[in-house]
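Coming up is one lone chain in structure tokens, specifically the form predicted on its own.
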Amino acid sequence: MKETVKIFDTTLRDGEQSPGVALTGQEKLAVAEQLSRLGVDIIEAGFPQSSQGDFDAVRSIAQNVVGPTIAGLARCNQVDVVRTAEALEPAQRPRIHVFIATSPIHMRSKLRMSPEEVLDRVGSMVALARTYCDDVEFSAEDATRSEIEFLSKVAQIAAQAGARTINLPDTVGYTTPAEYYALVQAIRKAVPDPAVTLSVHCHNDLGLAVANTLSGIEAGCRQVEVAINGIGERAGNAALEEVVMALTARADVLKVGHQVDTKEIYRASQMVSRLTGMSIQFNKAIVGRNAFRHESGIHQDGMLKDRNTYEILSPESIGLGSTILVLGKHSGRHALRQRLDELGLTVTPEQLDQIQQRIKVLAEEKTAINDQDLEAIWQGAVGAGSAISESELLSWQVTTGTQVKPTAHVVIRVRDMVREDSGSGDGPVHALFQALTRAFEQSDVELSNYQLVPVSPGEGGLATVRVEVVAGSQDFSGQATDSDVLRASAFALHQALSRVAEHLTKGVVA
């Protein structure tokens, strides 16, 4: 096909804004490396001005990830633009992505700016961004609730100031496919220059994000802003895997191509799910557990005769399936590091030692170790490295049964002091939580969320436990992976409560 759509992935920016998600810098880099293997055109690495951590993550991705354009988000003000330019300085292909709201309700209630002030700000900040970077994108926040005449003026001014891409976000998931088609065509008429790419960014509040995105493509948009698994604010963004596979399966209708290596989709989906702690619903399109399963007798009969009767895509087309590794208790560091490098998982020498020891233990429990196991073990090592060094879970024990009230006993080290305490609860996890809060001397903490997600099948399979606790008005999370779910629960709870302790003693938000 002559025309292609640029895939702009915002998993690490809009996706990471999902409530309860907080990736470390090393985890963000791992996702960015996988996005590069996936073949996305642009990676929106973060919002540098929002925090030092985000700045550092964007800069690390700009330094280390080759291939895609690396973008950073900035509000239409000088401080944001300059900060974003600094973070993107090492990138081979940087993009500054500036935005400002253009709908009446946003200008009046949030910005408290007049339309004329917004127009002036658009022109001046796009022009400023161009002094740092040739590739500038402008987004009109809440474009679908903006007045078309005013939005057209905004797009014209942004293009005249040097924006190469004009993005038209459906920020609150409000529009419908027909409305969005008309909006894109109106802006294309206002900005007819083919050197200016129109872009679509749709949220899923009404479940129409992918439909609206495809409608935008049909209307002439040649960039789509998407996120792995559709994660993002509120109900999320248009899902990358759904948009890409729709372009693949229905090229006859949509008549545009893409540069994504679809066989990397499933691995990207699993990695993002595991690192964010956001489980994928079983019936999720493309990457859900049931997407390629058939239970109905009629369907099974058809599949046995011809897979095309009930499958419009093959599981192989998205890379579904785990690679079996020849890794075990006898594996050497060289082979292990090579496979980690192939998977794009960077480690320090200390983390490599931890991973190797964990594999040796796991190899006693299961005969085959796959990539999902290895990635989960890697995440545990990275999480341990980023956990609070002033606290350590030294030992734990749980007693439970049909005739016994669940109780737990824990021993922790907090700086140079060893503490131990016990607690009881409605179940073993609750008992562990009670024991750990007592050991940490934290009385006003609530366990708000507990998730158990299988990583790999089989008797010795791994599972990831993710917990969230609330202390005051702050949320803190912890995550651990193990073949023993109670052990994973103990370490995940300890990590979360360690972050609470650090916040209380140092005033640091985890």
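We number the residues from 1 along the sequence you see. All values derive from a computational prediction rather than experimental measurement.
Omitted here: the form predicted together with a small molecule. The next part is about that form.
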*Flag this candidate site as yes only if Ser477, Gln479 and Arg499 all have a heavy atom within 4.5 Å of the small molecule in the predicted bound form; otherwise mark no.*
no
_Segment that reaches the small molecule in the predicted bound form - one of 310 to 318, 166 to 174, 212 to 220, 190 to 198, heavy atoms within 4.5 Å_ = 166 to 174
*asked:* Counting any non-hydrogen atom inside 4.5 Å, which residue from Phe150, Tyr132, Phe99, Phe292 sits next to the small molecule in the predicted bound form?
replied: Phe99
*Just one of Asp80, Glu241, Glu141, Asp373 has a heavy atom within 4.5 angstroms of the small molecule in the predicted bound form, so which one?*
Glu141
*Can any non-hydrogen atom of Arg13 be found within 4.5 angstroms of the small molecule in the predicted bound form?*
yes
_Interface membership of Arg95, the small molecule in the predicted bound form, 4.5 Å heavy atom rule_ = no
_Can you tell me whether Leu73 touches the small molecule? I mean in the predicted bound form, with a 4.5 angstroms heavy atom cut-off._
yes
*Can His203 be called a contact residue for the small molecule in the predicted bound form at 4.5 Å between heavy atoms?*
yes
